[in-house]
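Single chain ahead, by itself, as structure tokens, in the form predicted on its own.
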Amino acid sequence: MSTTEYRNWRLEHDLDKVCWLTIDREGESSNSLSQDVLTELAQIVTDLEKNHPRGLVLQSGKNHSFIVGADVREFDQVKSTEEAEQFIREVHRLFDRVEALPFPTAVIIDGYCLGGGLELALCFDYRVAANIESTRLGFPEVKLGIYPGFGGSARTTRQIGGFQAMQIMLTGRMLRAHQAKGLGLVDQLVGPHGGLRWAARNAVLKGRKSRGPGRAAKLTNSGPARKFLAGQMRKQTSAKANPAHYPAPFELIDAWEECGDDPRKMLNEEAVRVARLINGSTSKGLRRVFSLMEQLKSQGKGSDFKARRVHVIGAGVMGGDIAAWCVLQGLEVTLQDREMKYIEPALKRAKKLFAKRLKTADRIAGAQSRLIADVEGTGAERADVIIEAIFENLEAKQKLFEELESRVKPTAILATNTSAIPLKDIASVLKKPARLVGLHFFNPVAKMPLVEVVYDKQTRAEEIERGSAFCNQINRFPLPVRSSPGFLVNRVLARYMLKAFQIHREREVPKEALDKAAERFGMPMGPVELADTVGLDVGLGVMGTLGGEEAGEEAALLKALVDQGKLGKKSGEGFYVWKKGRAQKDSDAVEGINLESLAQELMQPYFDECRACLADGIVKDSDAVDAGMIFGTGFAPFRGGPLFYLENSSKRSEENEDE
């Protein structure tokens, strides 16, 4: 077998004149389509156009990872819409050449095949995929504020029909191998112990080609059907995303509605529209969110800590849901509370979560068997991680940890989920206070991706790393935060929600208007609905710790509701009445109110407190502040984080003044 080496590719010819093209990006753990990678591919295609092999097979040199897409890090180097459009058209021409190669081609998909990787795969005659857990196919571009720009919108709608293709691109969801096969993105599945190379080689030797869409799927690209479907898609997408905040899915719908029956026109629309989007503020903000996410994932990489068993003390909403989430991530969990009657509701909630996430009866049963009620607390002695999630009372927490310290494993992580109590106060009763770390989860645990890893001056650096490694293990983003009242997220939220309650009480601004103003700004929910969702009892505790004298009347308002048993969503009533998990709102209450002005007034203390947290060194830098507020409070992702937003707003104001 003759071999030609490139920096990121390897080209081999076997004795049957089948050419094996392997992508193996230099110095990277996964393959992405950087400009350098694409330049080399163009050289290889030129060679193949001159010297035809019998067939070509594309594969990855990375273990269980194909191509994860374009190199997002290079997007920020694009200086103008014109530059972006030129680059996209160059990639279009290159992929057209791959598709036009005058001999059979096949691709082996083993692992993640996303974005540009799937767009390249669609240029090949035949696609063989490994039918294993790690194989995923999809177009996540909408999460970066764009849509597929390397020919994906044209080739996918042509390959599987407009309706299915648009659903995949608009949602950004990842497909398992068998789902991709069912849709027609993949032509052949090979089991975990099958011969991927043999299947691909056989495909090119026999000149196999993908079948394309069936008649019904093909018709969805036709004029009348396309116009009707585009209208429905626009309506459904508008219910989930504001076009002013997230324009990409609407640009894609418009392009398909106008040109969906003409792949060449779709390619042209890609070049124009994606270039415009990539240079827009939404894409820049969402790309920063992606970068912040990668930074958080890197926390704890210096530790080899890995848990097998977790013990959670406190089976309330937070403790029970932490336990269920850990089980969902494959761990064995013992859940402790004073009596079985306090644990049973948590087990019921966990069962619903398992049914929703795991689907099949055997997987649900397996998860249930790993969640063990433990009134006596004997599981603590075998656990690798012990998480305290009892009520917010310093003396109770101190007593608990004082008793635990003597009987847990010396290598176990000792963690508290306190939302506001300083770490040193809890750790003061321990013989080794440097051992205690905070693991502060957010409600609802299954939806909120952030965990504050709380430390203070006496916490061992090793414990911070181990705590962060555990968060990564359970698919949560760890954010190291210095212990101080409210830490980062609750400290900021307390000022924001206090402002909302003050406006509501002093000026009688309807709660619906406060929530609508925040949502218009881009928050996932408003401050009043958020208070109900978190729990008014929890909010009262936080306000008591953080609000000071200024919060006296607002705390009294919360206390009155709590005393009536109105705790918010979990009790069915708080500020709002809740039915079937939804707050019942009066839509007429926002009439005549300047929501934009109200939003600025609401957000100002949020911004001020973010600046104060940075100045106080609560986290290491502005990236950490922005990451905490995006993943811990849902701060408008398209704005890239509160401090990023303020900085860019200031720049825009200066530019406008110069003009």
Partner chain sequence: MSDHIRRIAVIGSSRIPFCRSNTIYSEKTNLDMLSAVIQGVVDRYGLDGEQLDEVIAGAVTSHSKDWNLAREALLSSGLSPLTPGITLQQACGTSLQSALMIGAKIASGQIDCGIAAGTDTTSDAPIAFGRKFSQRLVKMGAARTGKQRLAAFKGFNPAELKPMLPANGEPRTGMSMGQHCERMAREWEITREAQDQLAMESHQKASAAYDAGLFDDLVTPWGGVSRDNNIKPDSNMEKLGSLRTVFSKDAGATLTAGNSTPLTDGAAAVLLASEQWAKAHKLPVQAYITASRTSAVDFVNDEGLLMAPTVAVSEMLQRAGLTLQDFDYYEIHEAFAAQVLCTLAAWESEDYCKDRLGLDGAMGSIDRSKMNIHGSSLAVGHPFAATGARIVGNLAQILEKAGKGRGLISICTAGGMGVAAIMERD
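This is a predicted model, so every value here is computed, not measured. Positions refer to the first chain, counted from 1.
Below: the form predicted in complex with the partner chain, not depicted.
* Asked: Looking at the partner chain in the predicted bound form, is some heavy atom of each of H193, A365 and I372 within 4.5 Å of it?
  -> Yes, all three are in contact.
* Asked: Of these, E332, E463, D537, E512, which has a heavy atom no more than 4.5 Å from the partner chain in the predicted bound form?
  -> Only one listed residue qualifies here, and that residue is E332.
* **in the predicted bound form, the residue from R308, R93, R407, R211 that sits within 4.5 Å of the partner chain by heavy atoms** => Residue within 4.5 Å of the partner: R308.
* Spot the stretch among 357-365, 150-158, 567-575, 170-178 with residues whose non-hydrogen atoms come within 4.5 Å of the partner chain in the predicted bound form. => Contact-bearing stretch, as computed: 357-365.
* To do: Answer with yes or no whether R482 is in contact with the partner chain in the predicted bound form, where contact means some heavy atom within 4.5 Å.
  => Looking in the predicted bound form, residue contacts with the partner chain do not include R482, since no heavy atom lies within 4.5 Å.
* To do: Report whether the minimum heavy atom distance between R382 and the partner chain in the predicted bound form is within 4.5 Å.
  => R382: contacts the partner chain in the predicted bound form.
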